[in-house]
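Only one chain comes next, encoded as structure tokens, the form predicted alone.
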Amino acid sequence: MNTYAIAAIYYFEMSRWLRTIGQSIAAPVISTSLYFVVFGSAIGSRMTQVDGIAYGSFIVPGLIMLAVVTESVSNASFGFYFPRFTGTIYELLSAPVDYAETLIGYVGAAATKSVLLGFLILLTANFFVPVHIQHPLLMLLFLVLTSVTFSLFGFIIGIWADGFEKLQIIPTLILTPLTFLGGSFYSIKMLPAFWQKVSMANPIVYLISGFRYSFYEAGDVNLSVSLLMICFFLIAAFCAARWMLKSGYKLKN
């Protein structure tokens, strides 16, 4: 494996991220802080606890997942689409760099950014509410798996999109609503029985539930099911991204 190529892509993407630190880090952290103020104070004053957990603390895992999912997709999709837009991607495609190495470089960088952002939001949350992590290693596992999975999904969008507006369609119209409806701010158990069953069709439910379990040992879905689902999503996204790169989908004229 060409580790030099992977490192070059990885460091280039990380450097680009550092050049836009305000947009990449400050904006998500400030947005999440506003969620804590609005939801934690306004709603938390009326709904004090959920599953025996203070409401402000209860929403912490959901807010971290919201930011991580959004930023993973955004970083990976833009990171690969922009070289396509400028035409510089063809220099990479003509270089002696395997498609797997390209995938690892771009997705690895996007996932790293999301993991760092997740930890920054977790640190920020401690200024607003008490946060207790019962299973730190499990929390890290879910954070990394989610970051890699949605970075792969963002990479797929970066190949599929043929315009900047298409980069925003799926994250804005699909992923963000699914995350809000996936139990970020409430427990699925609070819904009527019919809507609980409907919610189980939302893949984000499994991610948030497993991630929340690592904090408070409370979740809407069995932990094993959550782990199986995130692994399934990761494998499916990897296979799709690998096929698109290997076949040259929308990359070869």
Partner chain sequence: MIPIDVRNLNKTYKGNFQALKNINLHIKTGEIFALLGPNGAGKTTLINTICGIVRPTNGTITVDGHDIITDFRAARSLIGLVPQELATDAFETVWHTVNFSRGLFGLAPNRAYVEKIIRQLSLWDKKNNKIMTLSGGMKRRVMIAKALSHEPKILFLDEPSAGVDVSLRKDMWENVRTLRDSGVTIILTTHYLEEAEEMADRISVINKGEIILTDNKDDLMKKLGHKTLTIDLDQPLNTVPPFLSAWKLDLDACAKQLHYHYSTAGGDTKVPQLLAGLSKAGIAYKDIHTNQSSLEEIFIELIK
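Numbering follows the first chain given and starts at 1. Quantities reported herein were computed from a predicted structural model and do not represent experimental measurements.
Another form, the form predicted in complex with the partner chain, is not on view; read the next lines as being about it.
Using a 4.5 Å cutoff between non-hydrogen atoms, residue 87 counts as a contact of the partner chain in the predicted bound form.
Residue contact with the partner chain in the predicted bound form: residue 9 places a heavy atom within 4.5 Å of it. At a distance threshold of 4.5 angstroms between non-hydrogen atoms, residue 122 is out of contact with the partner chain in the predicted bound form. The partner chain is not shown here, and in the predicted bound form it never comes within 4.5 Å of any heavy atom of residue 134. The stretch among 114 to 122, 167 to 175, 79 to 87, 135 to 143 whose residues place heavy atoms within 4.5 Å of the partner chain in the predicted bound form is 79 to 87. Shown without its partner, this chain lists 92, 181, 104, 129 as candidates; in the predicted bound form, only 92 has a non-hydrogen atom within 4.5 angstroms of the partner chain.
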